[in-house]
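What follows is a pair of forms of the same protein chain, given separately as structure tokens and numbered structure 1 and structure 2.
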Structure 1
């Protein structure tokens, strides 16, 4: 226990992380020879010294002095260092060569003997091409095209002045300011000069200046503890601006993290999970049992995936099927029915379920067969399939969340009360309800919530009381009402994690980095930045 006592945290050095990080270059030289020299020079100096000058004097890389400055800075008030940036002209590699050996045109001039030189031969010289045209325009040489064995180059003047070399030598000697602006820019255009910005430090004594700086310890070692030497050793402070090393770990998928939260909410509210592990469903359970007529547009090839194999359901509960058929075609249970010819073949057609309400229908049918009736609260979250046009927010498959309560005498007010509790747990408190149409619920209501980011009411779910034409053929008692609501899992997740394209969330094109980085899902916590992003 004592080893983990409060205060044994980052400050006391149990962990070395954050000490030797890349953001403190040169830290290893904190008390190296350069730092020592710097401190001694500084002691003797009047006012301060320039890091670049010191580097030149010591004959070391400027970076080495900078490293020493930084490590001394890290020790506190030993020194003060002011960053200065100065611009300076430097020779390029080619410029260096010219300063040493003369300009290309001068080299061309020198290679031409008094009796002249064949142009073809001259062009083969290393400086030939560049030097020839420059020497020509300087009128140092001329070409005689009428020579017997091809064009021949002759000197025009006896001697010349190599200004380019002279100017470059001036620059090399640190006297670039002696050149005219025009001369410098011409040399720069020829890529012989470049202007560089040099960052140097003007170093002066700090308030705690001392030439004897002791080495700082990066880590607390067992030896220091056992010998007690840690008491007298100075320790390097932590670098808190650097990022730590993330632990190796696996990650859960953000959509499924949200699914876990929704399951949790339902369980907290006393809802039992329905089995939904059957993606393949018959049209009967998916549509007919829900009193959705056989000509309903949702039963179109354009909206639903039908199966080629197995094309038809093998078994249907025929007693119940007959009651459903009668309700559709003739009515009953107080209903006019839809008055059309109901076909068993149509009900047998297998499909990929278009909603989990198919599973709810099966669950309610099972409930109806258990006598006496016992009230239930059910939920499910699982995949559903639509043969729809795909876009940034629609895929052919998505997850549907569904809640169902069956009891004697449930009202629309109860539905709204349950929805209020459910959405409060999601952190959504401003709700309002709009009349809507749904083939299997009546009354039906769409649930809207006020979106702070979008500054408008957005639809967050659909709900209603299941129609008696759906419940009574199952055999549920007449005074039992069933309230139900549904929403998609993807939409709240996209809002929660600020994702605009559903493909970035679901499917194999997901960006694993997004999975690695996604935060915990706390639906009832204050809305974070992603929600405002959504607004934009």
Structure 2
């Protein structure tokens, strides 16, 4: 049976930007010589001791004294320790060098002889690149670009005063308060100066103070029980508030967490999830059924992954295929079509689907075959594939979120209203709609939202009304309109979890610790009606 000290924890020494307090070798003796010396000094002291001053007197790391303080605190009311914080300015490694040898610009100035120095030679000096620009801005040197052997640097003044070195020497001498705030800020920008927070303890006598303390046992061993020695030994009090070891368990990837939230929003709005279980799709459903011509650039191998085996889809609804062919090549349903020779072989080509709109087309075709027509609301969230150039924001595969509503007499106003409700549930209330072009929607709109962090409008989705040339060949009634919109799953996930590179979210570079540590996803809505505005 193990016992845990209620005050157990790691001590804190000096902390600053990008700096952790290292563990000192003396910390291992925290309950030995350092603790003994601390108690003896405290007995003779009037009031108390400062841990940093004691560490300096003993010639040990401050962390060793902090460890002794923590160890004594765990024994009860022997001492009292008050944590205090003070701020001070310290030189960085580069600042220490400049305080000794002078600033980069001063060294550049001293390197220029009266007859001048070739700029190319000056730039090869250790301080050349940084010092040259600073010396130029201080008007200590000038460049003669008309020199016969190339640009040459000359002195403008006979002497100069190195204020940077002087100020750093003041800081090193403990007189940082003599510098103006602007001067300190300039040195910080140059990474020559840093503000450090020093955390120390003010240690005083406790109610049970004693210079002779016995070490409390932390574990009850079988030997103690058999010999009965446990009766005469002091034990640390058992800490019932200590956390136990977390059991091993699986963790959801951030994409799955955000996907769950999106799915819940669709379900709350009365949508039904479409089947999207076919990553491999025919060109017919992916392009032709959407009234996208066979010569469209998106159908090129530079943008789409085509399959070699099986290369072609064998089963297509041929009556529907003939209606699509006629609409493309001859027109119909109030459209003149594209006036080209439509090829079945091109429509049979298999590919990795480039959008989940192919699944929407299949769902609408199934809906058209059911009589009488029944209004529906569909959604899907699944993976799509495109032959993209990989970078920090693009992968060859990603997830697409899509919503589809089919009903009698739907208009652009209905689309805006549904988008307003959808994005409000995401916590996005400031929306703008901008006219856009899509082959299978008309009218089409891009959806923009104002990003408070970036202080600008960013695109959050695309939307539109499916064209009659797409819907009527399916067999849907003429007065039925279908509104649709889509967005990616990765972009809101990256924003939600502060991820800047998509390859850190998906792929072999994913840090599993990130998956373990990622919090729950809550896309909380903001109160109040959204503000909708047309984009110019």
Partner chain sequence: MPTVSVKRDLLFKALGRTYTDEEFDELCFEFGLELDEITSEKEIISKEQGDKKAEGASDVVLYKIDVPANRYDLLCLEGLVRGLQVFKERIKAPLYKRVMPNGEIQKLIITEETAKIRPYAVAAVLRNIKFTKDRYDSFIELQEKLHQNICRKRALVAIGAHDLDSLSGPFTFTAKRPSDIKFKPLSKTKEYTACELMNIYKTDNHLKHYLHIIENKPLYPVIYDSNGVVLSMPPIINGNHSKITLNTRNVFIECTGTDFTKAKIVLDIIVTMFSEYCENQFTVEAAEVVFPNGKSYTFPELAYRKEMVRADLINKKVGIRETPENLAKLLTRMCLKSEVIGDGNQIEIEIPPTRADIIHACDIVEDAAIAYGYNNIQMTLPKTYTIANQFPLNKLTELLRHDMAAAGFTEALTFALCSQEDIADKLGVDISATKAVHISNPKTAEFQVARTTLLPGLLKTIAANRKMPLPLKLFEISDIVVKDSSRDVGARNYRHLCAVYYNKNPGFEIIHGLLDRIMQLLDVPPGEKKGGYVIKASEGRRQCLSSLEGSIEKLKMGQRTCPNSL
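None of these values were measured; they are calculated from a predicted model. If you superpose the two forms and keep the largest set of C-alpha atoms that fall within 1.5 Å, you have the rigid core. Residue numbers count along the first chain shown, from 1.
Matching the description of the form predicted alone is structure 2; structure 1 comes from elsewhere. Relative to the superposed rigid core, the position of the CA of residue 314 differs between structure 1 and structure 2 by less than 2 Å. Superposition of the core reveals a Cα shift of 2 Å or more for residue 105 between structure 1 and structure 2.
After superposing the rigid core, the Cα of residue 372 is displaced by less than 2 Å between structure 1 and structure 2. Taking the rigid core as reference, the CA displacement of residue 247 between structure 1 and structure 2 comes to 5.5 Å.
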